[in-house]
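Form predicted alone, single chain, as structure tokens, below.
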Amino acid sequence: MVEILDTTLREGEQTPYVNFTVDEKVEIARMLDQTGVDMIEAGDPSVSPNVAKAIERIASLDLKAEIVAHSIASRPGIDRAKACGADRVAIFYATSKIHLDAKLHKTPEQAIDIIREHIAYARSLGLKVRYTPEDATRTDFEFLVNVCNAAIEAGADRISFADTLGIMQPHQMEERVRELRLKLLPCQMDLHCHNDYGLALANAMAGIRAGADCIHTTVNGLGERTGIPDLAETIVAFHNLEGVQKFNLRPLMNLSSYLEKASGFLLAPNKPITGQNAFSHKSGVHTNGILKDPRTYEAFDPAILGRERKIVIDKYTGRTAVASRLDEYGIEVSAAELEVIVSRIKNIGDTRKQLFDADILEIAEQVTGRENDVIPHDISAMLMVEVESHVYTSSVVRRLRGFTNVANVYEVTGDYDISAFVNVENVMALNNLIEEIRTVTGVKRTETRMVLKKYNGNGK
């Protein structure tokens, strides 16, 4: 059965501009353990004192997952891995000709000697050892077999087959792993697949079919350049497509959300499994099918992730979806009224990027002539604005002060840079104002807090 090693704390932190705190790393490790991953690669203690400190704290948590420390083939690096309390050290040394010649300046024979020496040293310290032939997919195959067998003879019980540049295709990966399996001494085989051509998970699944044991993942697919397989996509693909039931799906959404916050890298809306649009439906044909039987346009039930499907109402929407949305609010309309409501939604949808429920309900009020008590009126709200780091806060303040419905603007400390007090006639107007403010150059994100009660000063 497939194993997963998650390397968010090592490969994931190698994502440009990502830097986790020690506390964040500990929390990520706890959350990873809840998903049931087999191994957590906690980092390379030689990188910095805080990386070493994080590995020590994670190793002391008594998690179910095996804790792995990363190291180049160096005795001081291996000593640090031992000192951190890791269960295993992952030693890497490149094997492709371009790496040996241009980077390491070593002959193949010298490389094998170095790999043997350092694996044997790690074993003498009582550490379990995984050896990674970096750039394995561009390594001469006969030499790759020789170097991996030398590593196994020296004491490595796992070999990580690294597609460092993500150049493999699934059929090639399956052939290469199957051939390598036949020629290696007994060991476990990991797959470290990069995503440069968008094939990382497909390659990893092909490698598992060919006899490999373990896939390396990161949360949200973080990593060098375009990253490696996404943890959630990997777990759900094996769960649904291969019947692998050993991992826990429920923590995946919270883990993904936490990594968005900790890394500062927001997910693309159309990202599989965890993306905002993964279970959203828009076309009239699609929404009609979904409302009759979700299996018509959903590969699987989002409830297994604790998610809900979303019906998007805009110019593509059909009568069934609009009627269903109105019914959610207890609003009854005749067939003729529904036709007019849908027609107006389509007209507005031609000029607006997004329609909100408040828009739909207001249209229903206008068409039917019947007021409902669903839409709040005369709204006050606090709009919190985070500004891009390269933009002066004062320049955004000047733009916000120019909006008619913005009463006061403040520069503030904390997670946000600006607080603006706004007054609008209804929710639709508030949504429109927020949408417009988000287009202001320099605005990174916003958060809206509607005012429920207002009190005067002086104890009144």
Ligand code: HCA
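Worth saying up front: this structure is predicted, and the values here are computed from it rather than measured. Numbers follow the displayed sequence, beginning with 1.
Note that the form predicted in complex with 3-hydroxy-3-carboxy-adipic acid (HCA) isn't included here; everything after this is about it.
Item checked: Contact residue in the model of the complex, chosen from 132, 220, 203, 234 - any heavy atom within 4.5 Å of 3-hydroxy-3-carboxy-adipic acid (HCA) -> Of the candidates 132, 220, 203, 234, 132 is the one lying within 4.5 Å of 3-hydroxy-3-carboxy-adipic acid (HCA) in the model of the complex.
Item checked: Contacting member of 263, 256, 96, 164, with respect to 3-hydroxy-3-carboxy-adipic acid (HCA) in the model of the complex [4.5 Å, heavy atom] -> Of the candidates 263, 256, 96, 164, 164 is the one lying within 4.5 Å of 3-hydroxy-3-carboxy-adipic acid (HCA) in the model of the complex.
Notebook entry, point to check: Of 324-332, 149-157, 186-194, 292-300, which is the one stretch near 3-hydroxy-3-carboxy-adipic acid (HCA) in the model of the complex, taking non-hydrogen atoms within 4.5 angstroms as near?
Noted result: Answer to the contact question: 186-194.
Next item on the list: Mark residue 13 yes when one of its heavy atoms lies within 4.5 Å of a heavy atom of 3-hydroxy-3-carboxy-adipic acid (HCA) in the model of the complex, and no otherwise.
Entry: Heavy-atom contact with 3-hydroxy-3-carboxy-adipic acid (HCA) at 4.5 Å: absent for residue 13.
Check: Hey, in the model of the complex, is residue 247 touching 3-hydroxy-3-carboxy-adipic acid (HCA), heavy atoms inside 4.5 Å?
Finding: Answer no; every heavy atom of residue 247 is more than 4.5 Å from 3-hydroxy-3-carboxy-adipic acid (HCA) in the model of the complex.
Item checked: Partner contact for residue 279 in the model of the complex: 3-hydroxy-3-carboxy-adipic acid (HCA), 4.5 angstroms, heavy atom -> Looking in the model of the complex, residue contacts with 3-hydroxy-3-carboxy-adipic acid (HCA) do not include residue 279, since no heavy atom lies within 4.5 Å.
Note to self: Does any part of residue 121 reach within 4.5 Å of 3-hydroxy-3-carboxy-adipic acid (HCA) in the model of the complex? Heavy atoms only, please.
What the structure shows: Judged by the heavy-atom cut-off of 4.5 Å, residue 121 is well away from 3-hydroxy-3-carboxy-adipic acid (HCA) in the model of the complex.
Check: Listed by sequence position, which residues of 53-81 have a non-hydrogen atom within 4.5 angstroms of 3-hydroxy-3-carboxy-adipic acid (HCA) in the model of the complex?
Finding: Going through 53-81 in order - heavy atoms within 4.5 Å of 3-hydroxy-3-carboxy-adipic acid (HCA) in the model of the complex - there is one hit, 70.
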